[in-house]
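Next up: a single chain in structure tokens, the form predicted alone.
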């Protein structure tokens, strides 16, 4: 197994563990090249809807979410039965002002389970300078107050931000080399700053669920079983691409992305559709 007893205890106590080696530098560069090939073919960037539920669109990503190097530590933390619910691309251009404000995902994802895990994989180096993720240890054990602030440079859908007296001095940076992964509980307060480096900061967040999880906000949702069994079937089985941007799954992905957007904007005063 990948995680030792100390790391598992840290995850339970602090809500995160990092870094975890997953891909070689060459493998990370290969996946980055595949992503950037798609971006170039589309004028230089992914379309907004392609950022989320992207494992339905890209075969290389559908393969990655099933990779034992990714799933083995997830199994150690949530058990042998694992669903992939969502994946999101997080791309900050060089010298970009884009940031992610302090927030807890549990407020917005409509999921019933506090065991949901986010694995964040770096396809480029993600040092402090490039705006790596920061976390507030232990905040996964309490619910914090949020406000929607809709800042133009905020990468979050609603500009959601914790308004509950967080002390920045308590924050822990989680820098990653290309190919490394961090793991955090989705209840944990986390954020990231602007990219002040000369290279793009490219990462993918992978969101894993135990199968007893339910979608309790949206009327419909999908996920894919990537390990073990699913005795509950609370989510529709997501379509699986046979190639990148498989025409057979594009319409299905649009449905899934639209349903996710409805969940994320539930109760919002403004819906700017960043996803």
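Positions refer to the first chain, counted from 1. These numbers come from a predicted model, not from an experiment.
What follows is about the form predicted in complex with a small molecule, which we do not show.
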Check your understanding: Where, among 70 to 78, 89 to 97, 161 to 169, 143 to 151, do residues come within 4.5 Å of the small molecule in the predicted bound form by heavy atom distance?
Key -> 89 to 97
Check your understanding: Which of 111, 82, 133, 181 has a heavy atom within 4.5 Å of the small molecule in the predicted bound form?
Key -> 133
Check your understanding: Among 157, 139, 192, 195, which has at least one heavy atom within 4.5 Å of the small molecule in the predicted bound form?
Key -> 192
Practice item. Report whether the minimum heavy atom distance between residue 205 and the small molecule in the predicted bound form is within 4.5 Å. Key: yes
Review point. Residue 118 near the small molecule in the predicted bound form, any heavy atom under 4.5 Å?
Key: yes
